[in-house]
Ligand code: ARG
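Form predicted alone, single chain, as structure tokens, below.
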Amino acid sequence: MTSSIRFLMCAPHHYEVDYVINPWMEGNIHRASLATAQEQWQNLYQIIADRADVDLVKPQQGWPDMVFTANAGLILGNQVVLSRFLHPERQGEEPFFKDWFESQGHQVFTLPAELPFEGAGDALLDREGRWLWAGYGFRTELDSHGLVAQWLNIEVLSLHLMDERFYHLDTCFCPLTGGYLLYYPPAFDAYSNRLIELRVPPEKRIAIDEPDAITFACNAVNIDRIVIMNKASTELKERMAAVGFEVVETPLTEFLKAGGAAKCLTLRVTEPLHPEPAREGLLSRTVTMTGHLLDSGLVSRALDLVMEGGGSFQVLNFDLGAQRQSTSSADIRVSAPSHEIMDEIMAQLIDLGAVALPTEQQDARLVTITQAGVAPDDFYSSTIYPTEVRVQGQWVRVHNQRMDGVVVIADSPVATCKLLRDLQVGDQVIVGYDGIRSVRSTTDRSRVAPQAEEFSFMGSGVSSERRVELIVEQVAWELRRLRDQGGRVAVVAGPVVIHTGGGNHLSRLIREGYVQALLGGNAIAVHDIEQAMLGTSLGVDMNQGTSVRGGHRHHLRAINSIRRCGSIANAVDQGVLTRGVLYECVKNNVPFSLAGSIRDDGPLPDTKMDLLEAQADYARLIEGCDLILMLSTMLHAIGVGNMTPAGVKMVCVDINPAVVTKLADRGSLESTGVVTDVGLFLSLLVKQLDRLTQRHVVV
């Protein structure tokens, strides 16, 4: 028939499942029936030919998937973007399709050989010609979308495919006449589903369930109000009929074995022309990374973050260092389908130390605070890593670096991390991610210690199988070194330290000058004082391990005694408290801070029940610390971790592996987790320090 609608098809003379390049092919090698496939194709051809014109391209021996003409390219008007197949098994089809397009008078655009784009299998035009839906994630690279938008002068909406069964967009997504959409939402990530919902009103979205999806109901051919597909459930046909569509079923089971159905077997040659110039399309930024990129795994992490975040990348330059100790550099172009996704990707790359190329560097964007304690929605949230910001054309180091802060710019210029609650009206805060870079050390990764040091500090990680004795040995060496060199060590401790018998060991560390600050809650102080005064912890005799009659009241008696004295220091001065962890802090002028909570009994007069005051006190005590020991106190340790900048060594000890992982996995290269009993850890630590002392004396 003569029609304004035309399709391109290819007869399945050489069709076969000869290889596996998608999940549907697995288990179907040489199991397709050519006779049945030809019959099914002929039926589809006839159904379409009754309603539109059909052109044929000559099938070629050795290219069995040429029957899936949807992947030949993307046509709009007389322009064609030729496919660049990802898999070699299909790349030989490209010249045959190119010849056909050119013979029809089309202008053919050819993508770079290394940039996959699989035609109308991954690029579907809105039926009203308003924009192009383009998929990526398995067969098509996101970077191709920008060129397609440019060549065809059309707005491209990029959709990220997440389910390998639906490796092409047309397997799970079918735009229909009148702005309707037939699609399978679980095939896409959350951002893509949100984008679909923003563009297609609810009454025009026809979301299908998995049973229809896996029979390729979305892999359909739409001609006006007719939708031709392999198979549809009764429910789906009723829903389609309710909005004015007629479903025509034609079995295509032989082609499902290769991962295709009605839409895959056709390429629409006549598409509605876009009436207006394209709006903003794909975004691109170029960043550079410097350091030990390969052996540290930084470049792999960066590229993974780009892909997982919904973007794509192109490595423009990779300068590998000449020797193992030499640094490398890489220039990477990052592409993303929206400002939101680009900002999220850039935030993570900045954390890894990536910076914009000098030619693309911009000053940080500043916004003035108009409501105290409230930042703009797109404020830059700081990390633990030393950070520089670009202001007035110069890079400025951020002071008071900490996690989850806001960067405020003052005159001179000066950059400072502030908490949200500390923002004042008139403060200039940084928004977005322009003009920001994390400062990563590019020094020798081996970090060989000087000859005077016997140990280098342990690397990051968590393992319950790691020899506790070895880690204790390293921690002891570091404690000894810091004490001798005037370093600062803070201990963040929970009441478990006392329950497990570690109080005496911690007391000794304080007494012998290994600890310069103690952080904890009301509980550790109460249980420490209860043990010092009454010999119990939570009413349990620490020597016998048995409950004491009336012992459940001991902690209240301890609290009452300290309250009578007015403070822990007064109790020490008056001879009421004569031993224990807090006693040693007072006697040795080691500052301590106790942060209260809603569950605290008493509390002790020294406990800070004002949360903001306690946070500020914690931050003051850890300032300038070289090492922090976190001993079985998840919540207090998390708080300390969030306010500690990179470069501070941290050791987290807890019997619960989940707690250790949460606290130690903060991105710092100088933190480690130890899964063990904290009392045992402290006991071994004190013994190792004794050995070091004896060795020093012998020498």
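Residue numbers here begin at 1 and follow the sequence given. What you see is a predicted model, and the numbers here were worked out from it, not measured in a lab.
Keep in mind the form predicted together with this ligand is missing from the figure; the text below concerns it.
- Contact annotation: of the candidates Asn71, Gln516, Ser382, Ser593, the single residue with a non-hydrogen atom within 4.5 angstroms of this ligand in the model of the complex is Asn71.
- Of the residues given (Ile524, Ala258, Val407, Ile436), Ala258 alone sits with a heavy atom within 4.5 Å of this ligand in the model of the complex.
- Every residue of the trio Met25, Gly121 and Thr171 has some heavy atom no more than 4.5 Å from this ligand in the model of the complex.
- In plain terms, the part of the chain that comes close to this ligand in the model of the complex, with a heavy atom within 4.5 Å, is 258-266 out of 283-291, 606-614, 127-135, 258-266.
- Among residues of the shown chain, Tyr167 is one whose heavy atoms approach this ligand to within 4.5 Å in the model of the complex.
- Shown alone here, Ile21 lies within 4.5 Å of this ligand in the model of the complex, counting heavy atoms only.
- Within 4.5 Å of any heavy atom of this ligand in the model of the complex lies no heavy atom of His145.
- Shown alone here, Asp65 lies within 4.5 Å of this ligand in the model of the complex, counting heavy atoms only.
- Residue Arg90 is the only one in 89-104 with at least one heavy atom within 4.5 Å of this ligand in the model of the complex.
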